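Shown below, as structure tokens, is a lone chain in the form predicted on its own; questions about how it binds or moves come after it.
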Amino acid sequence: MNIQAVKVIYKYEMLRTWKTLFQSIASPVLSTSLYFIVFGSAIGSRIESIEGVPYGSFIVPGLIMLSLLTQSIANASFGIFFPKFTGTIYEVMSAPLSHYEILLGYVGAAASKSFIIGIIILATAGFFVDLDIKHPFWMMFFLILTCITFSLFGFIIGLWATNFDKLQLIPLLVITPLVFLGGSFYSISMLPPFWQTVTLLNPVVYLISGFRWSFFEVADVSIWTSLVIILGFLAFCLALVAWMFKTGYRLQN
């Protein structure tokens, strides 16, 4: 493996983050703080607790996942789309690099940025609510796995997109609604039976449920089910990227 080349791609992408520090880190942290103020104060005053967990604390895993998913996809998709847009991707493709080394550089950087944002948001949440993480190992595992999986998904979107409008299409019209309807701010047990069944078709439910279990040992579905779902999605993304590279999909004229 060409470790030096992977490091170059990784460092370049990370350097781009530090040059746009406000947009990359400060913006999602400020947005999350506003969620705490609005949901924690307005709704929290009416809903004291859910399944024994104070409402302000209950929404923390959902807020972190909301930021992680959107930031992972945005970082990875833009990271690979911009070289396509400027034409510099062909220089990368012609370098003595395998496809998976290119993937490792771009996805690794996007996942690292998302992980940093997740940790900062977690620290920020500590200023608003009391957090007692019962399973820190599982919390970190879900955090890292989510960053990698959805950075990989964002990489796929970046390869698929042919313009900036398409780059925003799936995150805005698909991912964000799925996160809001996936139990970020409520437990699906609060829904009528029919809508509980419908909600279980949302894959984000399993992700948020498993992550919330690592905090409070409270979950809408089994943690093992959550783990199988996200690992299955990771395997699907890897297979799709392999096909894209093999066929040169949107990478060759």
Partner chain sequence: MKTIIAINNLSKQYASGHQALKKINLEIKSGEIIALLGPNGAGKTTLISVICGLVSPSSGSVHVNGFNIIKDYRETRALIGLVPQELTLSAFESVWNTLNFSRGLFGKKPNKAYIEQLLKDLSLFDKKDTELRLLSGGMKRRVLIGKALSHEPRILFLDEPTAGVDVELRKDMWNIVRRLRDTGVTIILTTHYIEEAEEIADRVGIISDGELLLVEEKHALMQKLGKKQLVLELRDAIDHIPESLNAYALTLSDEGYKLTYRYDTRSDRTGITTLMKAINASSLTLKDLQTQQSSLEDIFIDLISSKENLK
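This one's a predicted model, so the numbers in the text were calculated from it and none came from an experiment. Numbering follows the first chain given and starts at 1.
As for the form predicted in complex with the partner chain, it is not shown, yet the points below apply to it.
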item	value
Contact test, all of 26, 33 and 123, partner the partner chain in the model of the complex, heavy atom 4.5 Å	no
Candidate stretches 83-91, 175-183, 108-116, 144-152 - the one whose heavy atoms come within 4.5 Å of the partner chain in the model of the complex	83-91
The single option of 129, 104, 97, 161 touching the partner chain in the model of the complex, heavy atom within 4.5 Å	97
Interface residue in the model of the complex among 12, 243, 236, 18, criterion: non-hydrogen atom within 4.5 angstroms of the partner chain	12
